[in-house]
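So this first bit is one chain, no partners, the form predicted on its own, shown in structure tokens.
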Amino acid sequence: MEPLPLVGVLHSSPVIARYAGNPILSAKDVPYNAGLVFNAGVCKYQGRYVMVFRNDYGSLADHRLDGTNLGLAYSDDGIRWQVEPLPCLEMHDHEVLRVYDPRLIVLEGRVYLCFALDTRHGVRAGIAVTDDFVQYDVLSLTVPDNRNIVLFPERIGGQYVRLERPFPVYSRGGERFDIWYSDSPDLRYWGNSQLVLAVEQVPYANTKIGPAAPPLKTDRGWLCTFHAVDTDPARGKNGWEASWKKRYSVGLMLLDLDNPAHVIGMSREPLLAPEASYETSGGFRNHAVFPCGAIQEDNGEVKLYYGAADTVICLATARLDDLIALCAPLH
């Protein structure tokens, strides 16, 4: 394989502002064994903000992880959160090893939880539905290897629609992973799969890209965040591990309202790049920002919830019109 083209220095867009009180949730806020609290799905449901977050529990002091579960929290303002006393949606059997990286989507009055799960025979992606965050009906699990599923918040052309990130290790070589589209008549059986955006189309990625927070509907198109990963072999110890050579940034794209497999615009620079101290140091994997939740407020503000350094949950805000303006047409 040819050497990866290096990306170089990245900066966040001036249109987005980190919340001054970041992080908004960390292990100290969880009333049970918690270590790395990050990558949270967020939605507004029945008058409250709801968060489902990933918790890799163990010992922060010893840099030891013992397992993963999903936590549940509520908020009245989307900033201050109260964590429920017990985790939610635990799936453990002889095949399932853990469930993680949730996304929340309100669709037709119900809440859908998209998640990844590690199994003894590969990484799968799942969709579950709940009305109370207590009982969950698992509707669909992909075959290995797939991950980072996000549902659109309404049907398009009568079909349910999702973005996803399969792992084509043979045909693409290494970690050359892209964003794909699939649709379904019933949220259980999926097909009509199409490539949406390839990693080589993103100037600030050289390794892989994938869906991030669920899409936001605007009059210009579906506004979608994605994670963009670049690798630099010269990077050394950037966290707990002996070597962490990747950097995770946030990209932005605009998809056609009627044909969301078609990209009509994309940010040529990252929306958010790891720059704040809680994103670049002291974490499990530094130089990582990974959004799983976005809320479009009535006043035109967008709240973006993201994991920082795979360790804490943070918040950034921007104006919806400014985000749309970043998405230059693709040629």
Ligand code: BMA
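Fair warning: this is a prediction, and the values are worked out from it, not measured in the lab. Note that residue numbering follows the sequence shown and begins at 1.
The protein also exists as the form predicted in complex with the named molecule; that form is not presented, and the subsequent description refers to it.
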Considering only heavy atoms, tell me if D178 and the named molecule come within 4.5 Å of each other in the predicted complex.
-> no
Counting only non-hydrogen atoms and a 4.5 angstroms cut-off, does W81 reach the named molecule in the predicted complex?
-> no
Contact between L304 and the named molecule in the predicted complex at 4.5 Å, heavy atoms?
-> no
According to a 4.5 angstroms non-hydrogen atom cut-off, is Y248 in contact with the named molecule in the predicted complex?
-> yes
Would D101, W244 and A288 all count as contacting the named molecule in the predicted complex, using a 4.5 Å heavy atom cut-off?
-> yes
Could you tell me which of 62-70, 293-301, 33-41, 266-274 sits within 4.5 Å of the named molecule in the predicted complex, going by non-hydrogen atoms?
-> 33-41
So which bits of 193-216 sit within 4.5 Å of the named molecule in the predicted complex, heavy atoms only?
-> K208
